[in-house]
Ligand SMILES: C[S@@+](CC[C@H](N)C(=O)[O-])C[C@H]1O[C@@H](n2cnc3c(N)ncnc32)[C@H](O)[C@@H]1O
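Next up: a single chain in structure tokens, the form predicted alone.
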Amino acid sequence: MSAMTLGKLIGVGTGPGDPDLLTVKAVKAIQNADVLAWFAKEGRRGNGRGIVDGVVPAEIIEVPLYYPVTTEIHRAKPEYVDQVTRFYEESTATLAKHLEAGRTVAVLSEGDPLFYGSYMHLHVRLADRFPTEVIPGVTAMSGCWSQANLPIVQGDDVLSVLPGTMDEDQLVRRLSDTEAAVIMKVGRNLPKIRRALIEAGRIDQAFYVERGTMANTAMTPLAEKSDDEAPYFSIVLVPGWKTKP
């Protein structure tokens, strides 16, 4: 098949949650696409799809990509890796059929597609076979620190982005060796994150934001949060040493 007949793959960053933070370019890509693909837990529409509700054309072909597992199995276990790898391979095959048919396929990704986004797993499997474009989105962390009016770095401050899934001793080490930090993938890891911040002497700087920029958002200094419950969409911000919360 000639490359001229192939469709185009577009990774579309939807931003952190507020539909008003969709970029003009993202809206145009969605409205001009033939196919709209989005990730979600089985039986749900997914946050990314909800963000773009007001701009999706009625005639577009929608392809939901349902994760086989989310947090039911630890991500380090072989059965998790096997199921998720198979999921991405099957999703790749599904979208490749549309691309081979000459259709433009827009894949939604919360935040930015190439920053902890599920889209990148499709990108690495498809970008060398089809014309591809990635439309950046406002990241969850920038949405959260802007909502909190919290300057995060200045001057020569170093910013570290840490997944909350890291071992506790590694979190302590990295929090002790950086001016500022963003801790993502909080959820059930919040108790461990809190302990690491205390051990690193940073708990009084830490600020907790859940569902940043969304309608049901909440935020508070982490030291004042009375429980360790946290949804998937939550972040802990630790501003630079020279930056006061």
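All figures in this text were calculated on a predicted structure; none of them were measured in a lab. The numbering used is simple: start at 1 and walk along the sequence shown.
As for the form predicted in complex with the ligand, it is not shown, yet the points below apply to it.
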Problem - 4.5 Å heavy atom contact with the ligand in the model of the complex for all of 144, 185 and 233 - result: yes
Exercise for the section: Quick one: from 206, 209, 181, 36, grab the residue that has a heavy atom within 4.5 Å of the ligand in the model of the complex. Expected result: 209
Handout entry: One residue of 27, 65, 214, 190 in contact with the ligand, assessed in the model of the complex (non-hydrogen atom, 4.5 angstroms)
Key = 214
Practice task
Within 4.5 Å of the ligand in the model of the complex, counting heavy atoms only, one of 169 to 177, 136 to 144, 98 to 106, 83 to 91 shows up; tell me which.
Solution key: 136 to 144
Handout entry: Partner contact for residue 130 in the model of the complex: the ligand, 4.5 angstroms, heavy atom
Key = no
Handout entry: Sequence-ordered list of residues in 91 to 111 near the ligand in the model of the complex, where near means a heavy atom within 4.5 Å
Key = 110, 111
